[in-house]
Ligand code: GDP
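Shown next as C-alpha cells: one chain only, the form predicted on its own.
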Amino acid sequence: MTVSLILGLQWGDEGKGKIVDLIAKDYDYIVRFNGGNNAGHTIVNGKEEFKLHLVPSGVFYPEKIKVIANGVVIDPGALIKELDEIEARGYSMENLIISSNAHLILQWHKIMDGALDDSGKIGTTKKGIGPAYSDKASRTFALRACDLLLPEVDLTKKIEELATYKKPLFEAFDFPVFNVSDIVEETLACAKRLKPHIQDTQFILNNAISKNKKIMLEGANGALLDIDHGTFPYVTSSSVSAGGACTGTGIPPTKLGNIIGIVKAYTTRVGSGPFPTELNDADGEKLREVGHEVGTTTGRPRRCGWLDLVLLKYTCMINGATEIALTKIDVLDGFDEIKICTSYEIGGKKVSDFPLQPEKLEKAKPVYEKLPGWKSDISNCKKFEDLPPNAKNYIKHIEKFVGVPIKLVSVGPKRDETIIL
C-alpha cells in the first residue's frame, strides 16, 4: 500500500507534527485531511521551529507536494499569513495544493464562534471552525475554495448573497455586526494569492496512487475530539478518525495501508470535558512544566494526567491502528513512580470499556497500576536497548495492553531524539 495515515489517539497535542516531519522524507505527498487553523503542529529541525496550523507538516522538505484536502475548512487570511511566515524563512510553498472543494472560513464564522461560546462551555478556539462546518452541512450558506476562481464580480455577488442570509440570523441572536464590504475586499485579495494553488485534489491524489506515489495523510486534533466518536459535545466539528481521512480526501478505504497512531506517554487535554486521569496536584503541574504543555493554537495551559489505557484501547479499535508512535516519554524521566489507568470504577462497578456517554465518563474514577520510574535522562538513547529497564517495561506494558505494536519512541523534540523499533 502506498497510503499511510497518521492521527492522534488521544485529545490532540500528541506530537503529530514531529512524527510527520520525521518520516515525510519517505513520501511524495503530505496531505492534511480535516480541521482548520484550530489545530497546531510544532516541528523542530535543529535550531529551527515551526508552529503550523493549516499547512501540512513537512515544510522542511520543499520538494514534497503538500495538499490541503477537501475535508479541511480554510481561513484564507490565516493561510496566507502562514505561507508568508514560511517563505520569509526561506522555504518554498510552490508545491502547495488546495482542494477546490475545501470550505472557507469568513469573518462572520469567527464572530459566531466567539458569541456562541462566550460561556466557555465547549472551550472552542473561536477560529470559526464549528460555524464553517455547520454552513457546510446546511448546504446553503457556504463558500468554497473553487469560488475564489470566479471572476471578481461573481465572487463579490456570491458573498453579498450569503450576507443577506446571515444578517437576519445575527440580528435575531444579537451577535456583533460584520461589515460585508470588508469581507468582500479581504476575500478578493486572498483569492489573488491563493488561485494558483487551487486544484481538484481528488483526481490528483488518486492518480498519484495509480502511479505508486507514496502518500501520507496527516490528521489534526485527536481521535477523542472526533465529531462522531469523541467525547461529545466536547469535540471538534470534523471527522478526526481514520474514516474521516477517506471522506476528507476522496481516497477510498481500500487504498489505506499503515494507520499510525500517535500517543503521548501521558494524557493531556485543552478545553472543557471529562478527563478521568486528570491530575490537579504536584504531579500534574510537573507534567505541565516539564512537558511545556501549552496549546500551540490557543496558548492555554493544557490539563495533564497519567496515561489512560482504557481510552487508548478504544481509539486503537475505532481507527484500526496498525502501529503506535509513542511521544514525550522523556517527560516522565523525573518521576519515582508512574501510574497507568487500566480500568475505571463507575458507581462501585469496574468498567473496562471506555464510556461513550459523557455523564458516565464524568463519574469514572481511574483504577491505576503503579510502575517504577527510571529516574534518568533518556534523551540521548538511540536504540531500544539503550533505555533503562523500567522505561522499556513501561513501553512493553502499553503495547501488551492495547495489542498494537509500538514502532517508534520519541525521547525529545528533535528529529534525532527518536528510537525506531
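In this text, all values refer to a predicted model and were calculated from it rather than measured experimentally. In case it trips you up, residue 1 is the first one in the sequence shown, and so on.
Although it is not shown, the form predicted together with the named molecule is what the next lines describe.
Contact label in the predicted complex: residue 9 to the named molecule, heavy atom within 4.5 Å:
Contact check for residue 9: no, nothing within 4.5 Å of the named molecule in the predicted complex.
Though only this chain appears here, would residue 390 touch the named molecule in the predicted complex if you measure heavy atom gaps against 4.5 Å?
Residue 390: no contact with the named molecule in the predicted complex.
Taking heavy atoms and a 4.5 Å cut-off, does residue 66 contact the named molecule in the predicted complex?
No.
So, residue 82 and the named molecule: in the predicted complex, are they within 4.5 Å at any heavy atom pair?
Contact with the named molecule, no.
Can you pick the one in 367, 378, 395, 44 that has a heavy atom within 4.5 Å of the named molecule in the predicted complex?
Contact with the named molecule in the predicted complex is made by 44 alone.
Which one, 246, 194, 331, 310, lies within 4.5 Å of the named molecule in the predicted complex by heavy atoms?
Filtering the options by heavy-atom distance leaves 331.
Listed range touching the named molecule, judged in the predicted complex by heavy atoms within 4.5 Å, from 356 to 364, 34 to 42, 58 to 66, 370 to 378
Only one stretch qualifies here: 34 to 42.
Judged by heavy atom distances of 4.5 Å or less, which residues of 401 to 421 approach the named molecule in the predicted complex?
Counting only heavy atoms within 4.5 Å of the named molecule in the predicted complex, the contacting residues of 401 to 421 are 410, 411, 412, 413.
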